[in-house]
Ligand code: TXE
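Quick setup: one chain, the form predicted on its own, written in structure tokens, and binding and motion questions come after.
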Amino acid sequence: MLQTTERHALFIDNESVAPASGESLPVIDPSDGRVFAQIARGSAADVDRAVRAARRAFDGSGTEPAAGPWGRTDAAQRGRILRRWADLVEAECETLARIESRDTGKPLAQARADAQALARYFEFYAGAADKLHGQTIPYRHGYTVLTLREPHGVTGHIIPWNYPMQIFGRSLGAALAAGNACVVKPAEDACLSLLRVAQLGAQAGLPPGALNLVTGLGGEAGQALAGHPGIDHVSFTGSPDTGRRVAQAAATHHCPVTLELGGKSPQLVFADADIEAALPVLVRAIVQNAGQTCSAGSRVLIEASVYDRVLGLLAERFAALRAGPAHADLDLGPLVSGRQQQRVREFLSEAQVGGLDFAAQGAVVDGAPAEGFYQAPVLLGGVPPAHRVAQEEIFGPVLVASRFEDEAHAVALANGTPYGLVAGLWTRDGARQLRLARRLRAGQVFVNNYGAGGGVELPFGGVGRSGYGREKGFEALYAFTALKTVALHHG
């Protein structure tokens, strides 16, 4: 276990370095509310140091693009380094899982799955690194025209606290495979696993400056990274309001941005669905990581003829759910912070004042520390579609149930929020499956499943308030490259 005296530095140029300010921030265990470590409080000066290190790795002396040690590394070699990195993560999977479990509060089983997903991202992008091809374009007589996929240069990555390892893997795996040098600002609430992963990257063969981590507060280090003129592309995952500020900061120097900003994702359950197959998925989609998941299935829309039956079956499952300390490995752990706990409680208080039906509620196990940030899972029934709990992202273990009368009504409800990240559809009707998959406003639609087991290969991103751009799969490689057209006139 980590000790309370443990202190963590920044990671720049493959070295642990002290922050310019000399200041640190406490790391709190969500399971008991106690401080157990300290992280460096990085500042704009530290971000600038990290960006300059990344620029040296990519451009070297700066006389020409991609002339640094990382910029000159060919695609096949980048893939080999990512493959070695994946192997090192696999070897330390249990250690990384325990670090992340304590840091975030998620049950150990979920943290282990995150570590495995991190390794899988590196493995996937290792294989894809030398397969990012351009095209030749038929053009006028006497011309040969081709396109090249080139790295942006130095990319900035602002990683949230809910899935540090997974989101690091999907963002950094693609960016490094494409040839970019990277500067990462992880969330102050959960970054310990990433500091260790960065050290493993150096062991795998990343040259100094190819990967740099600056811990600290979002309003300080994060803002400095988003607005730094030496950054050529920014990837951000987080809240819509913060995403807007990141995009505005990056826009000051015309820097492109990929934003993944959360959702209020619906699952539509029709009367002809396999209800027994759907039930565990409906529950897991909101309980996983205590509901602190951008793609959580936080709304369940049920056809009126089976509404009472499905709600009753869901209520039975919710009543049996248990929350407790991360190490207990129960259905869910604590929320990440007291601030997040208070946010969820405010939503539930508003639901109670509004007279909503608390159809079922799980429990926090006896013996869970009173200082921990626990929230029992809650099922709310008969929620009006305009109510705040049906419109806004709660980011906690709260499932909102509503009924619909027909397909048109179901689609109107599903598309009736400002978000558009993920949607689930449960029906045996093949024509309906295709019809509604096209009509649902979401970046991903899952039919008779939800999440497809994480799907490293599956492009991920949203529309509307859920953001823009795509991560995961091959699409992410396109986002982390710029397309250059070369037209040769040879007569």
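Residue positions are given as counts along the sequence shown, with the first one as 1. All figures in this text were calculated on a predicted structure; none of them were measured in a lab.
Heads up, the form predicted in complex with this ligand isn't pictured, but that's what we're talking about next.
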| item | value |
| --- | --- |
| Interface residue in the predicted bound form among E123, E188, D331, D114, criterion: non-hydrogen atom within 4.5 angstroms of this ligand | E188 |
| Answer option from F404, F270, F395, Y374, heavy atom within 4.5 Å of this ligand in the predicted bound form | F395 |
| This ligand in the predicted bound form: contacting segment from 83 to 91, 239 to 247, 351 to 359, 96 to 104, heavy atom within 4.5 Å | 239 to 247 |
| Contact at S265, P384 and N415 by this ligand in the predicted bound form, all three, heavy atom at most 4.5 Å | no |
| This ligand contact at R72 in the predicted bound form, heavy atom, 4.5 Å | no |
| Contact flag, P280 vs this ligand in the predicted bound form, heavy atom cut 4.5 Å | no |
| 4.5 Å heavy atom contact, G222 and this ligand in the predicted bound form | yes |
| Partner proximity in the predicted bound form: G324 to this ligand, non-hydrogen atom cutoff 4.5 Å | no |
| Within 129 to 167, the residues that have a heavy atom no more than 4.5 Å from this ligand in the predicted bound form | I158, I159, P160, W161, N162 |
